[in-house]
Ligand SMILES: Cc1cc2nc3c(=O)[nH]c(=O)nc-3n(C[C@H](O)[C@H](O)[C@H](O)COP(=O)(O)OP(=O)(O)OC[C@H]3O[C@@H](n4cnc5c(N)ncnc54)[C@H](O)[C@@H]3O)c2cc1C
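Presented as structure tokens, the chain that follows is alone, the form predicted on its own.
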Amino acid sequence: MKIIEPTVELIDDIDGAQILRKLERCGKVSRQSKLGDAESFVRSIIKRGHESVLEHVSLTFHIICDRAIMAELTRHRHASFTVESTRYVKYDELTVIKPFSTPDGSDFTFWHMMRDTERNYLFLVEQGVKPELARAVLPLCLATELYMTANLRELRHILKLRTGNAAHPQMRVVAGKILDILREKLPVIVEDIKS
């Protein structure tokens, strides 16, 4: 059994300046205005709430998180998801996402619980239970691999909701990683989002 931290990777090779120029070109058609400073234009449309223009650009992220966070993330129906299936994957070893804390404050208790869960799952599979049925004993903290594609408008929506104090702490970690990537690659798109 492995205990890991969640990860997020942008799989697109992007040119931030080119994306801003594309958004400016798409957005300025509505008023037939001349092209100029793409960054200022994008900042202006975000400030005025004219975010539909941001739907012209989508990004894809490779995310590893636990099943509970995956369930929260996939509720965003304006994004597209491809998720690792516990029905069709037979695990030889469980990989779980490290929790924030266990009741006694140690990883020792958590490790033992997950070790027992792994043993139960593997026992069922060894007894001939199909993985799609044995998965019933898998924990919500099971590490899950997924790809998420969303346009920039939806990403802003996700980040506003999922980086806030009301969001689950582990969701804030995943959303924070997406936000960090966007702050590096396309800062003007997320500069108004606080985390």
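As the structure is a computational prediction, the values presented were derived from the model and not from experiment. Heads up: residue numbers just count along the shown sequence, starting at 1.
Keep in mind that the form predicted in complex with the ligand is not shown, yet the notes after this line are about it.
A.B. asks: So in the predicted complex, is the ligand close enough to Arg115 to count as touching (4.5 Å, heavy atoms)?
C.D. replies: The answer is no: Arg115 has no heavy atom within 4.5 Å of the ligand.
A.B. asks: Just to confirm, Ala166 within 4.5 Å of the ligand in the predicted complex by heavy atoms?
C.D. replies: Flag for Ala166 set to yes.
A.B. asks: So in the predicted complex, does Lys90 come within 4.5 Å of the ligand, heavy atom to heavy atom?
C.D. replies: Result no; Lys90 lies far from the ligand in the predicted complex.
A.B. asks: May I ask you to check whether His50 falls inside a 4.5 Å heavy atom distance of the ligand in the predicted complex?
C.D. replies: His50 lies outside the contact set for the ligand.
A.B. asks: With the ligand left out of view, choose which of Arg156, Arg162, Arg67, Arg135 has a non-hydrogen atom within 4.5 angstroms of it in the predicted complex.
C.D. replies: Contact with the ligand in the predicted complex is made by Arg162 alone.
A.B. asks: Please identify, from 166-174, 56-64, 135-143, 36-44, the stretch that has a heavy atom within 4.5 Å of the ligand in the predicted complex.
C.D. replies: Careful reading of the contacts points to 166-174.
A.B. asks: Do any residues of 66-95 have a non-hydrogen atom within 4.5 angstroms of the ligand in the predicted complex? If so, which ones, in sequence order?
C.D. replies: Arg75, His76, Arg77, His78, in sequence order.
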